[in-house]
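One chain is shown next in structure tokens, namely the form predicted alone.
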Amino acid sequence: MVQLKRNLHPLRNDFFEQQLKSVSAELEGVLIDVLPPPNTRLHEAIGYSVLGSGKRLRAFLMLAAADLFSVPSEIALRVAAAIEFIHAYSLVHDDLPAMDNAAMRRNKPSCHKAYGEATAILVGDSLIPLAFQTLSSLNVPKDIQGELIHELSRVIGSEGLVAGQMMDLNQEGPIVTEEDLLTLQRLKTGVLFGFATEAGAILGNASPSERKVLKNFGLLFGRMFQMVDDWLDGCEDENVTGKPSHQDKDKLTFLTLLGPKGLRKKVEETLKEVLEILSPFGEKAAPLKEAAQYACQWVK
């Protein structure tokens, strides 16, 4: 069973990283169980893109949110797996030559570099239905299952994650204002974080107010996460990030918009908001708060 310990004061990154690794190890077992065996080139490429790497922050947030309502971990882990399948698909497609044309991902060649562009496209195409197949096989009440499927399909579609990708490619007009940038961030990054934390509340049959708090936490966490990602892209090398640096040098980002000093201040302000939004849950939300503090540690 996943054990999320509450140790917020003082925060120790090594303590949180141990929790993250523990959750990742349990999740890895579920991912292996759900994925088709790697007996074809396509399935081998799917495993390459999903297994053995990544911080699993979205999955961790989902599990921590579910833990607030004592959701059995075997159920929560399956939902976390579905989220990881969607996240992996988005990365595989994001790295394609027609998108960001990134050669590295998670400290290894991106999927299209390792297996070819056509295979990478099919990997992403395969992971989307696998996520919904995973949700449709959950042993939960049908209304909860239906709500999870509905919400995930909404946030990854043409008014969610895909819309964010279109904006990032300047296919919906140039990104020139802070409002544009916040919309892009919410669609491309925030909505999946928002689903992750809201999914924990859905599984836990939370009240509407509790569900709203957790969804808003995820959305705000996603905003902060994108700010940190922009910082890393502009201020760190790929040995730290596991992917090419300065990929966004020709785009409007939080770093180019605010500058290093302004971005550092904005991250600090957003972290304060993220922590405050969880106040209704008190110390029970310590793992979520630790995740937020951990996520912004690189901005110095």
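Keep in mind it's a predicted model, so treat the numbers as computed, not measured. Residue numbers run from 1 along the displayed sequence.
Unshown form predicted in complex with a small molecule; subsequent notes refer to it.
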Item to check | the small molecule: the contacting residue among H87, H112, K215, R223 in the predicted complex [heavy atom, 4.5 Å] | outcome: H87
Checklist outcome for this item: Among D180, E210, D229, E151, just one has a heavy atom within 4.5 Å of the small molecule in the predicted complex, namely D229
Item to check | Location of the small molecule contact in the predicted complex, chosen stretch of 101 to 109, 199 to 207, 69 to 77, 131 to 139 [non-hydrogen atom, 4.5 Å] | outcome: 101 to 109
Next on the checklist: Using a 4.5 angstroms cut-off on non-hydrogen atoms, would H43 count as touching the small molecule in the predicted complex?
Outcome noted: no
Next on the checklist: in the predicted complex, does A81 come within 4.5 Å of the small molecule, counting heavy atoms only?
Outcome noted: no
Item to check | the small molecule contact at T119 in the predicted complex, heavy atom, 4.5 Å | outcome: no
Item to check | in the predicted complex, Q145 touching the small molecule (heavy atom, 4.5 Å) | outcome: no
Item to check | Triple contact flag G54, R58 and V162 to the small molecule in the predicted complex, non-hydrogen atom at 4.5 angstroms | outcome: yes
